[in-house]
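Take a look at this single chain, the form predicted on its own, given in structure tokens.
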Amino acid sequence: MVNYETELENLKNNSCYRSIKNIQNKVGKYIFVDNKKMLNLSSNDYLNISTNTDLKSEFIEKYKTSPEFIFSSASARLLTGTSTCYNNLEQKISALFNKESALIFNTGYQCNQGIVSSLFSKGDVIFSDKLNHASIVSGLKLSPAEHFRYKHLDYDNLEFLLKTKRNNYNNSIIISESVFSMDGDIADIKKLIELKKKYNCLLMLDEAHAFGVFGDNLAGVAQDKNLSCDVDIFTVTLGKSLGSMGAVCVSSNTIINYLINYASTFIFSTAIPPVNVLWSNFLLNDKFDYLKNQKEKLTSLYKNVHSIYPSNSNSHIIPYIIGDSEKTKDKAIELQNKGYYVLPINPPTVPKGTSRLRISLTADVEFDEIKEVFR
């Protein structure tokens, strides 16, 4: 039997113990923790939407009398937990990605896990980047299909696996994030498309950290590179750049209808509240130009940071890799004492020996405010 207390002590001794922080308030780009105001460099609210009080006030004024302005769906979508605003959001996002259809899930985790675990059967095979998100890894474990994890961004290794394994199976898919959540590096989508065509696979791209940050219409890296038409399945989250809640799978009518019938994380979950769906629709329809302006500010910021702090990152996620967990914790405390809210990321979230500070840049942060962090 597992000795839970011993396991927790081991985490503490290795500076890997997690606890919920005493966050009291978030105001714009600032966060208040233990009565201390700090610049928030640990948020996924990349466009600084969730704390924008002017947007919130305008939204409430517009929708407060709407019959859909309610705080619980009270049911799964297949029962009574749906209404017009859900359909509108799915149509809007499928149009952004130039795909036939879309399906809302409650979270990015449930979206990826539900797709990966349900879409493929025994006799099929999945090829997944080694550093794909835990939600994808969870789906791999639940899927009856065989799976192989290729070395991170190593497309020679992926092709070797495809060449030696693909013909042993029926259906196949390659899965990658576009912007990787812990390193901020970006997949070579053109190469992934080349390999998926060469070896007769589908391609699934998780644009969770790219949606809202890349692309003329905010749809992510593939759209930014004019490659969306060759990606078969997209997943995006609404709780990061959009400052809302939920996630969306975007694909063909056939795949979306299959997920409606087979993805347990969709079928058996109470749908996200209608008020959150209304909020997402409000932002994507009424405030799209504002979102694009915030995206441009963020792009300028992270390019300036890259100019003074070279790393593997090509995005707004900057890994400050230290290696040792204890030293990483100490550096986080040092920066917090200087007014920067940064947090240590330790194993098992990242591989052993790669503990880091994960610095998330957001649109309202000024370059001059954060130069000291990278010295």
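If you're wondering where the values come from, they're calculated on a predicted model, not measured in any experiment. Position 1 is the first residue in the sequence shown; the rest follow in order.
The following text describes the form predicted together with a small molecule, which does not appear among the structures shown.
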{"query": "Candidate stretches 249-257, 214-222, 200-208, 186-194 - the one whose heavy atoms come within 4.5 Å of the small molecule in the predicted complex", "finding": "200-208"}
{"query": "Exercise: T270 in contact with the small molecule in the predicted complex, heavy atom 4.5 Å", "finding": "no"}
{"query": "In the predicted complex, Y109 touching the small molecule (heavy atom, 4.5 Å)", "finding": "yes"}
{"query": "K295 within 4.5 Å of the small molecule in the predicted complex, heavy atoms", "finding": "no"}
{"query": "Contact label in the predicted complex: S181 to the small molecule, heavy atom within 4.5 Å", "finding": "yes"}
{"query": "Contact assignment for the small molecule in the predicted complex, among S94, S143, N276, T237, heavy atom within 4.5 Å", "finding": "T237"}
{"query": "Sole residue of S128, S172, S280, S135 within 4.5 Å of the small molecule in the predicted complex, by heavy atom", "finding": "S135"}
